[in-house]
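Before any questions on binding or motion, here is one chain by itself as structure tokens, the form predicted alone.
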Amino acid sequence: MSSLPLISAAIWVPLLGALFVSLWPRRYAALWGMGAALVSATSALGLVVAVAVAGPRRERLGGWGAPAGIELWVDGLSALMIAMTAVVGLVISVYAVAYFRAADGAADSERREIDLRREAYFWRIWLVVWAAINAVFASADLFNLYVTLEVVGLGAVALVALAGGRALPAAMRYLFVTLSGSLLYLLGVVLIYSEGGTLALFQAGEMLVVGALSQAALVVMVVGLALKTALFPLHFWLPPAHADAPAPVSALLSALVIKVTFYILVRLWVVVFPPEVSQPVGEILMILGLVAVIWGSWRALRQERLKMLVAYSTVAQVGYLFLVFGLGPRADGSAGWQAGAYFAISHACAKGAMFLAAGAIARAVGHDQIEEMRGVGAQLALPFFAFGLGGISLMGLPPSGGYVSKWLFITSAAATGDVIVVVAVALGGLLAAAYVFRVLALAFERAPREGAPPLRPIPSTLGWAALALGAVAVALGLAAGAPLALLEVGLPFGQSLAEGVTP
């Protein structure tokens, strides 16, 4: 099993799936797309099992290693991110089949043709984005990270634009953001190369020295990646892009795409930049993260649209991710970094469930205005229950994955004396409870709104898919041992990431 190209397969399988979807007539797009998603998830999880059993893996494409060739490298952190993409991606794919199929039931032939075209484009782009996300998590080269990051960003913009209408201005804004962020990251890569003469991730870390050039490289890369992750106050593009996209696209953007830039930042922090350079910037990021938790939650509480509420909730949850850049280097061992990684996968499942549920509810009601959803909860129990499960994880209530990650945050912050982090994490949980229960309380009021039109029938798959992700978000709190053990494989937060790797 050690000789099988499992890392390459995790990238090539979804790419080939996109090719097959493109070659066949549009009416078969969902069939080929779902098949490709199933095989992609299976191959990715096979890689994860291999890493968990036998340790980190390395592959050299064409037999050429660093610095001239392309190396792929997967340790426990990469494997956990790839597993997250496989599970969330598979559930979103199941949801997408029902979501786009329900839309193409229109009697108008012209409208049906538009829906079929939109469904085919979704599968082609989504599978390419899936491959690029896995490639980011497996890249061991700064320039390859740039290339794959660009593919993820451009694919995400195209997916947002699929909704048309008011999503188009949001997509254009997102395009400007993703291109600007990528160029800033590339500028940092150039500065690192001029200093160390290599683009290989681990070799660059050994060559880089403390100085003005390394500080400049870190600052431009952090600004670029924080812009693409939507860290406060650079979050202006995220709410309209995530809220106005088709529901499965909203889910994959919030659950997966923003984790890509977070992952790259973690690698830069742990592997590339010396602590003397990164620590002052990490303190600033932690402060911005704390503000994001409160600001995003407060804005979510005040939203009138359900999908916009979930989108502003993502702005708040991004803030938790950036706490690790202040806490991680100061906490004993790897507890701070593990908190961030576990929060990333918990949030992916919880937010994916909430966006899928919001899409199902909006499809049934005909809109996503919260005040006009009064009394519809009993008829839409499945999606609202899924929404509530995701909310439990966002609040950090036991036994959810959100509880485990926030507990790790709080214990790390308490150990380092960061009382304000403990207070902000607790306050963020209370605000999350406020906006989640506001929706649920309105939905389950006994008296429906007077004059409200009857609900439209929706496929039960929409509710069940959302419920599945919500259940995983909760289960991550009951079975935290395996993911946390995986995070120890290859010492991703240790002193030498290359130790123990069999070439």
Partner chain sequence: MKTRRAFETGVALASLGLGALVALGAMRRRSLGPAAGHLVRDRLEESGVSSLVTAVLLNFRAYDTMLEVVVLVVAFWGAWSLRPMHTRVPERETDPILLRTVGGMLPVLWLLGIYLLWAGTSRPGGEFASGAVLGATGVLTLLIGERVPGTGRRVVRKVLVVAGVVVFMIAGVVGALGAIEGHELWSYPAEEAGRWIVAIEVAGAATIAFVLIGLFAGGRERLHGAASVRSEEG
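Residue numbers count along the first chain shown, from 1. All values reported here derive from a predicted model rather than from experimental measurement.
We do not show the form predicted together with the partner chain, though everything after this point is about it.
Engineer: Pick from Tyr193, Trp407, Phe176, Trp298: which has a non-hydrogen atom within 4.5 Å of the partner chain in the predicted bound form?
Structural biologist: Of Tyr193, Trp407, Phe176, Trp298, the residue with a heavy atom within 4.5 Å of the partner chain in the predicted bound form is Tyr193.
Engineer: Which residue among Val376, Met395, Leu154, Val315 has a heavy atom within 4.5 angstroms of the partner chain in the predicted bound form?
Structural biologist: In short, Leu154.
Engineer: Given the partner chain in the predicted bound form, answer whether the residues Pro25, Gly69 and Arg124 all have a heavy atom inside 4.5 Å of it.
Structural biologist: Verified in the predicted bound form; spot residues all in contact, yes.
Engineer: Does at least one non-hydrogen atom of Arg438 fall within 4.5 angstroms of the partner chain in the predicted bound form?
Structural biologist: Residue-level check for Arg438: no, no contact with the partner chain.
Engineer: Using a 4.5 Å heavy atom cut-off, state whether Glu304 contacts the partner chain in the predicted bound form.
Structural biologist: No, Glu304 stays farther than 4.5 Å from the partner chain in the predicted bound form.
Engineer: Residue-level contact is defined here as any heavy atom of the residue lying within 4.5 Å of the partner chain in the predicted bound form; does Ala18 satisfy this criterion?
Structural biologist: Heavy-atom contact with the partner chain at 4.5 Å: present for Ala18.
Engineer: How about Leu199 - does it come within 4.5 Å of the partner chain in the predicted bound form, if we only consider non-hydrogen atoms?
Structural biologist: Yes, contact at 4.5 Å.
Engineer: Please pick out the stretch from 348-356, 304-312, 219-227, 249-257 that is in contact with the partner chain in the predicted bound form, where contact means heavy atoms within 4.5 Å.
Structural biologist: So the stretch in question is 219-227.
Engineer: Determine the residues of 108-123 with a heavy atom within 4.5 Å of the partner chain in the predicted bound form and present them in sequence order; the list may be empty.
Structural biologist: Glu110, Ile114, Arg117, Tyr121, in sequence order.
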